[in-house]
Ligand code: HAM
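Below, in structure tokens: the form predicted on its own, a single chain.
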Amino acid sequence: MGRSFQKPRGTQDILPSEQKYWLFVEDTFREMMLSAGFGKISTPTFEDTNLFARSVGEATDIVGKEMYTFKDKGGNSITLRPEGTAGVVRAYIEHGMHKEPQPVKLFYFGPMFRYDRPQAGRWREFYQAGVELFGELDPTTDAQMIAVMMKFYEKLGLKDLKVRVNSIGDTRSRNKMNKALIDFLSAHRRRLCNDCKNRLSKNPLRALDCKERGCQAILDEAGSMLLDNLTPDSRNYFTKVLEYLDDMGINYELSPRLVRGLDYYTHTVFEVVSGNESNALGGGGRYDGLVKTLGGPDVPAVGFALGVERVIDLMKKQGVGIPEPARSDIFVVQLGDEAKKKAIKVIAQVQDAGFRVAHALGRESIKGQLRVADRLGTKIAIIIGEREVHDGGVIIRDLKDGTQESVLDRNLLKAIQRKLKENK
């Protein structure tokens, strides 16, 4: 017996029994974003490694520890995308979308990859649904992005959610924050973990992401002073964002340590959590300098992304009811070679008329085929045997009560419509 293979650690198989959640989440997201004027964009699952180093930030854990990076056969350094924004910004620049009427509103849904320690809510291959909006710099846009995210969760039926929100200001604010952090954390250097000590010289704000227990009390105190270092313009911008959130009735809390795990953010940053859980369902913020950093014009932008697996886990935990995926209306059963030939024609005819049709043409026994129909939850069966081939008709059986009738081929579609109407 040969070797038995298993999926790589940190990945998952999404089986048919689970797909109803995935279909519901993706369909709801797509319909909501299209109706709100966003266009769908799909970008490659791998990009030039430098794209992420320049956008996400070399001092981040994502770039420093978690990326799947390899050399392709041409010797190019390639990375499986660890997040979606960088690729969308690259596409926005490459295809000249900055020349289109602004704002440009885009959404995506797809897999991301990070070499992380697998645990609840964390996968090495995971799915994100994301939104990016280019060309508007206004507090109302930031607040509206948060509102869109919360509306999506509401449409899914999730409850007990809150938004954590913070501001990391403009470039001048960041410089003041970094200086204040260096001064404060240097005074407590001996109590910091090695990663935080290294971050002090490379990117002090990244220290606020630290999950080491020994650093928490120090970092909480450090975070509380960051808002004091916002420039007047940044403070005014953030105040207006909060006012708009109040006007929209969105439940939020100020979170001074929130900086998100990516270097490209400016001004507003936010994340959504459930109850007292620490893992965010999703988050985002403004990233006004990223388009320029990656070689485009100076275009403001804001966006968010949410973790699909975490959303589905919470839906299950909260017992959210989900509509069942559309099932087949009709199951075609055949017995014998001539019946099989006719069944193929009947399947095509019924599909062309707009009905959902299932079959198991590889099975020979009627009983075995009807077992498949029962498992699929099909309402009616079309049965074709040698007699039906000879007589130019079929048998239509109601799979709920077992009643059946013979129908001529020319009356088949009308009989199906009548039977399905009776079966509602």
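The model shown is predicted, which means the values in this text are computed figures rather than measured ones. Note that residue numbering begins at 1 and tracks the sequence as displayed.
Quick note: we don't show the form predicted in complex with this ligand, though the next part is all about it.
Although the partner is absent here, residue 85 lies within 4.5 Å of this ligand in the predicted bound form, judged by heavy atoms. Put simply, residue 267 is far from this ligand in the predicted bound form: not one heavy atom of it is within 4.5 Å. Interface membership of residue 252, defined by any non-hydrogen atom within 4.5 Å of this ligand in the predicted bound form, is ruled out. Looking at residue 91, you'd find every heavy atom of it more than 4.5 angstroms from this ligand in the predicted bound form.
In terms of contact with this ligand in the predicted bound form, the residue from 285, 169, 300, 204 that brings a heavy atom within 4.5 Å is 285. The contact residue chosen from 260, 235, 98, 162 relative to this ligand in the predicted bound form is 260, the criterion being a non-hydrogen atom within 4.5 angstroms.
Listed stretches are 73-81, 113-121, 154-162, 211-219; the contact stretch with this ligand in the predicted bound form is 113-121, by a heavy atom cutoff of 4.5 Å. In the predicted bound form, the residues of 119-152 lying within 4.5 Å of this ligand by at least one heavy atom are, in order, 121, 122, 123, 126, 128, 131, 132.
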